[in-house]
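Single chain ahead, by itself, as structure tokens, in the form predicted alone.
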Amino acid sequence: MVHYFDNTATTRVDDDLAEILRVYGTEKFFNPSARSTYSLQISNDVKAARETISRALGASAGNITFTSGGTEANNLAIFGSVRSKRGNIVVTAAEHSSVYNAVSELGSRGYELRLAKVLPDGHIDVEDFLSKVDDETILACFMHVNNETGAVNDVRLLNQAVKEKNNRTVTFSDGVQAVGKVPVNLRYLGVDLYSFAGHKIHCSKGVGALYVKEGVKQLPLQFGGGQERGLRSGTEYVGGIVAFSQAVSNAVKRVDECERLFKGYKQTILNALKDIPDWRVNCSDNVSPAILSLSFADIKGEVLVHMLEKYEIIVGTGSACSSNSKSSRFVKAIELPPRFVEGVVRISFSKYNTADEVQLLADKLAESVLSLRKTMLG
């Protein structure tokens, strides 16, 4: 039996959602843009899914655009916001690669990139971020929950402060690690654009969404049949969309329950490590309950990950989308002390984790760290 604790990377699909995917793939497989009565019903199913998500997240149904996932939603938000041939973009080096690399591409096209600092725990340095916003800022990007440490940023505060400095600036928050993990009400947050994805909340890979605030005009990145109000042409992944809507609804309802559960899980792990020297929690305040990021001095996190695999325990070392990088941009951004740089391990929970397997993880993690330290000492 595999004990899976890398839910920040992806999650298992709920059984009832897998059944939805099967039904729409084999029985209700009609194209929602075709003219038959059957297709009309499928089109109505997409409309209903949009309304379900909107209710769950405090948005209007017309503001939800379905995409193939978080990366496409982030790219649509960023490239779809750029109209003028000049201006600056404010972002942090701690953003997910699908945001950071997208704005970097705009930098290569002549836009000025202004990198704001992050604090040692991954939170955005608000003062530094706002100091970089001015009359020429066309886009401000600030993620809701940091995918590496779980740091939860005050999106409402950042949005209001940016708009006070320049109300023409488009504000965008990557909410992929927030929806279903922390409370999200899009009207309250106030941002112009907000992204989220299905495979982080027990739906399938290949489906996500971009929220576009009423009155905010976005340019499409792809052209075709005019689906999704012309913003994202292409035949809709209907089964994924319907399942996604249920996943969002389910996850939002369980936020408080999961928070209580996950906080207990974190404490179990911390208790098991308390007598081991030279380790740190990378973020402990204003943090997602679903993420526990740890750093161990003079230990390679990748080695620790493989040691845990011997017990069929899976944890992560950081963003799966950046796993092929030789060095972590994020580790540099938070200025992690040199002894801890290579020893980062990210543990992330889901509703499928049990107290017994968390205890197993805690015991084997402590055991593996002690074994590695003993090996290092000869």
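For every residue, the number given is its place in the sequence shown, counted from 1. Keep in mind it's a predicted model, so treat the numbers as computed, not measured.
Just so you know, the form predicted in complex with ligand PLP exists too; it's not on screen, but the next bit is about it.
Q: Considering non-hydrogen atoms and a 4.5 Å limit, does ligand PLP approach residue 149 in the predicted bound form?
A: No, residue 149 stays farther than 4.5 Å from ligand PLP in the predicted bound form.
Q: So in the predicted bound form, does residue 343 come within 4.5 Å of ligand PLP, heavy atom to heavy atom?
A: Although ligand PLP is absent here, residue 343 would stay clear of it in the predicted bound form, with no heavy atoms inside 4.5 Å.
Q: Can residue 177 be called a contact residue for ligand PLP in the predicted bound form at 4.5 Å between heavy atoms?
A: Although ligand PLP is absent here, residue 177 would touch it in the predicted bound form, with heavy atoms inside 4.5 Å.
Q: Should residue 69 be classed as touching ligand PLP in the predicted bound form when contacts are defined as heavy atoms within 4.5 Å?
A: It does: once ligand PLP is placed as it appears in the predicted bound form, residue 69 has a heavy atom within 4.5 Å of it.
Q: Note which of 76, 143, 184, 243 lies within 4.5 Å of ligand PLP in the predicted bound form, where distance is taken over heavy atoms; exactly one does.
A: Answer to the contact question: 143.
Q: Which of these residues, 123, 199, 114, 213, gets a heavy atom within 4.5 Å of ligand PLP in the predicted bound form?
A: Here the answer is residue option 199.
Q: Going by heavy atoms within 4.5 Å, which of 304-312, 90-98, 123-131, 186-194 lines up against ligand PLP in the predicted bound form?
A: Contact criterion met by 90-98 only.
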